[in-house]
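Take a look at this single chain, the form predicted on its own, given in C-alpha cells.
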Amino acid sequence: MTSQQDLLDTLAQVARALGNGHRLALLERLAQVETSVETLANTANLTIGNASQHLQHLRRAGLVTAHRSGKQMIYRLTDERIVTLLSLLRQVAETNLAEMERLVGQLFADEDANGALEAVSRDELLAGISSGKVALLDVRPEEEFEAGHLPKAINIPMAQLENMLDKLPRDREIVAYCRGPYCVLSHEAVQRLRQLGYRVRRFQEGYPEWKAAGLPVAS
C-alpha cells in the first residue's frame, strides 16, 4: 500500500536531480531550444560522456526527454513549468542564502558603479514595449533566437555585436536580454554599448522566464 513517505521519496528524486550545478546549466540551455548532447556538452564545458550522465539523471527524474535524430540524441525539457521551478529555486536562494546574494553582487558588480541604472523588470519592459519606447536586443546565438524570442527583438549574438551596430537605434533605450538572470551575454552587451554611447540596460530575467509567464513570443 502506498504511503505518504513513498510519495515524498519519489518527489525527492526530482530534488536530487536538481542538486548539481552542471545539471542546472543543462536545463538552462534546454530552456532555450532542444538540442544535441554534443552541443549541450560544449555549452556546459563538459565532456560528452559527463553530459550524457547528467542528462540521464535528469531524464530519470522526468525533467528532460530525448529522441533520436539520425545518429544524434536530441534533448528537450519535458515541461514548461521546469523554468518556473528553476526561477523559484533561484528566488529562494537569493532571499535566504547570504552566499548567493554575495555571488550575484559580484557577478554584476561593475554593471553600474553608481547604482543609477538597475536591471529592467518584467513590468517595466512590458510598459516600454507597449509604448514603443524601447528596442529589444537578443544576444543569444541565432539557433536559440530562431526557436523563440521576444516580439520585435533584434538578434545580434554577442560575438557579432561590433559588426552589427547599424541595426541598433540611437533614439530609443535598448534593453538587452539573453538566457536568464545569470546569463553574462546581456551583461557584456550592456557594458560595451554604454561605452559606445548607447542608452542601454539589461532585462533582469531572460527569454525562458518571459515565455513561462505566458507573455507573447515570436519565432
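The numbering used is simple: start at 1 and walk along the sequence shown. Please read all numbers here as calculations on a predicted model, not as lab measurements.
Not on display, but discussed next: the form predicted in complex with the DNA.
- Checked against the DNA in the predicted bound form, the candidates T65, T43, S52, Q160 yield a single residue with a heavy atom inside 4.5 Å, and that residue is S52.
- This chain is displayed alone, yet in the predicted bound form one of E173, E34, E38, E188 has a heavy atom within 4.5 Å of the DNA; that residue is E38.
- In the predicted bound form, none of the heavy atoms of R179 sits within 4.5 Å of a heavy atom of the DNA.
- Contact annotation for R201: none of its heavy atoms lies within 4.5 Å of the DNA in the predicted bound form.
- When contacts are judged by a 4.5 Å heavy atom cut-off, A147 does not count as touching the DNA in the predicted bound form.
- Residue contact with the DNA in the predicted bound form: R29 places no heavy atom within 4.5 Å of it.
- For the candidate spot formed by H22, T47 and Q72, every residue has a non-hydrogen atom within 4.5 angstroms of the DNA in the predicted bound form.
- Stretch 55-63 is the answer when you ask which of 165-173, 180-188, 55-63, 151-159 has residues with heavy atoms within 4.5 Å of the DNA in the predicted bound form.
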